[in-house]
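Next up: a single chain in structure tokens, the form predicted on its own.
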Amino acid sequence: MKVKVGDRVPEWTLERVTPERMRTVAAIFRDPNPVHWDREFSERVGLAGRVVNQSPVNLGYVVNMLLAWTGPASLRRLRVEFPAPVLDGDRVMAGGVVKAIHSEGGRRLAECEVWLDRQDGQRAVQGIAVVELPTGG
């Protein structure tokens, strides 16, 4: 894999975030916050009755993109923030761009700016990831 500064990470897309998955994740996380599963509550707090996807799941979409690009054991560092929520029904697209390439312990690492955008252009996740490039990258 030949990678250079300025290359884009291949985009990863989820066509529709579903409230059923949010409800399941809330149960698995034992998250009692009704913003993740109660449409009436979401209406009362100004979200037009749309429930909010959990931030760790949104981060997972970015991780999916990185691992699809460089392999299942490639992620070395990841630091993100969550400037906007992802709501049920949203289409989300994870993307990234290589900002630097360096060597560490005989391995080639790519530092990438990464993000998750909603279909309306709102950025839901943004940050920096470091991945190990496959041999030959």
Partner chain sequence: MRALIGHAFPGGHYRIEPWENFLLTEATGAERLPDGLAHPIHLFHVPIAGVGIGISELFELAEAPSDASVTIDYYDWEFFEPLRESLRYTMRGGVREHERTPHEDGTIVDSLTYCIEVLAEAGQVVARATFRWHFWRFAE
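Numbering follows the first chain given and starts at 1. No experiment lies behind these values; they were computed from the predicted model shown.
The next section is about a form of this same protein that is not shown, the form predicted together with the partner chain.
Residue contact check for Arg123: none of its heavy atoms lie within 4.5 Å of the partner chain in the predicted bound form. Proximity of Gly46 to the partner chain in the predicted bound form: non-hydrogen atoms within 4.5 Å are absent; the residue sits far from the partner. Residue contact check for Leu59: one or more of its heavy atoms lie within 4.5 Å of the partner chain in the predicted bound form. Using a 4.5 angstroms limit between non-hydrogen atoms, Trp115 is distant from the partner chain in the predicted bound form. Arg76 is the sole member of Arg91, Lys99, Arg108, Arg76 with a non-hydrogen atom within 4.5 Å of the partner chain in the predicted bound form. Along 63-95, a non-hydrogen atom within 4.5 Å of the partner chain in the predicted bound form is carried by Val63, Asn64, Leu67, Pro72, Ala73, Leu75, Arg76, Arg77, Leu78, Arg79, Val80, Glu81, Phe82, in order along the sequence.
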